[in-house]
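Below you'll find only one chain, the form predicted on its own, shown as structure tokens.
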């Protein structure tokens, strides 16, 4: 079957964006409002302009392009993802969905399709949270999932490794002028979209796992996205000389943390579906001959069932507090962010299934263990996602790869899904 979209054009766009922020190891680093992120944003705005897609930006830094519908009062169909990456990540995560959205709208123009409703592209600000440890800023601002004043407070408090606050980085970005002058952490309420004006949100993303590869399938339909809860944990004990303080007299924060990590693993294993991860751990004072007096670590708990995740979280927090208290130490658990799970829209899923049938490709559904902007958008509108196969299931790594054939297939299915929803 002949595809409508132009595979080579889309692939060239993806390879071009994949060079922005590329390091010596081949990994791509574009964290929110850093130099590479700003370069990618600028290139994306130029691509939208070149494609006649009316580029714009809101106060949160979300970038939009569109084909205006013949009836502007009809709810908008929104398609997108994100351009930021983790540190030394891959060239496909996020950018695949954004650049596919551009290709879909370009193809609509070339085929003379004049939609009744407006079709919009969005590149959301900071899905990954790699620079400030605070993710989904753009989609949360757009949906109002966090009140604008509270989000403003949190962005003022979130700091990168150089002591620059999120809000400060946004203000620095706004000084570039042009579309960037719209960025304003003090006016985030201006970024909120009226949910009555959105028909649905569509997103394509690489799978970041091996399910599709194991099924020998290039594209699949996402049935839902697991919800997540993120916290910072601090265990405080007492530092001391490694050679002069006996084992029974110690108040070692690291050994307490070690016991906590094993408890976290055990509770998650026995939860029936939750996963829990400690991805960052810092030991202080961090000297080889000093007993650790403090340990800070991150805690990431996820589950497709919000109820089960809440139960797992409570068990884990209780276990941490009991372990620490039993050793005569103290601890503090600070919630950072919490997002509910998302079940994909039946309406959008049916449109996707019809698109699979049109291209004569097997339909397969799978859940997403990774979080995406679609999960946040599910708070305000119907949502659907497609996954594109990831080679060896690798993601967030320089070796991340999806084939040109799979990308083309995913984009064609997206194009036909959009046509079915107009």
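Remember, it's a predicted structure, so these values are computed and weren't measured experimentally. Numbering follows the first chain given and starts at 1.
Quick note: we don't show the form predicted together with another copy of the chain, though the next part is all about it.
- Proximity to another copy of the chain in the predicted complex, defined as a heavy atom within 4.5 Å, holds among 343, 157, 281, 347 only for 281.
- Contact with another copy of the chain in the predicted complex, judged by any heavy atom within 4.5 Å, is made by just one of 167, 261, 193, 217: 261.
- No residue of the trio 27, 146 and 197 has any heavy atom within 4.5 Å of another copy of the chain in the predicted complex.
- By the criterion of a heavy atom within 4.5 Å, residue 329 is excluded from the residues contacting another copy of the chain in the predicted complex.
- A residue is said to contact a partner when one of its heavy atoms sits within 4.5 Å of a partner heavy atom; residue 380 fails this definition for another copy of the chain in the predicted complex, lying far away.
- Although the partner is absent here, residue 269 sits close enough that one of its heavy atoms falls within 4.5 Å of another copy of the chain in the predicted complex.
- When contacts are judged by a 4.5 Å heavy atom cut-off, residue 90 does not count as touching another copy of the chain in the predicted complex.
- Residues with any non-hydrogen atom within 4.5 angstroms of another copy of the chain in the predicted complex fall in just one of 180-188, 116-124, 146-154, 295-303: 295-303.
- Of the residues in 354-370, those that come within 4.5 Å of another copy of the chain in the predicted complex through at least one heavy atom are, in sequence order, 369, 370.
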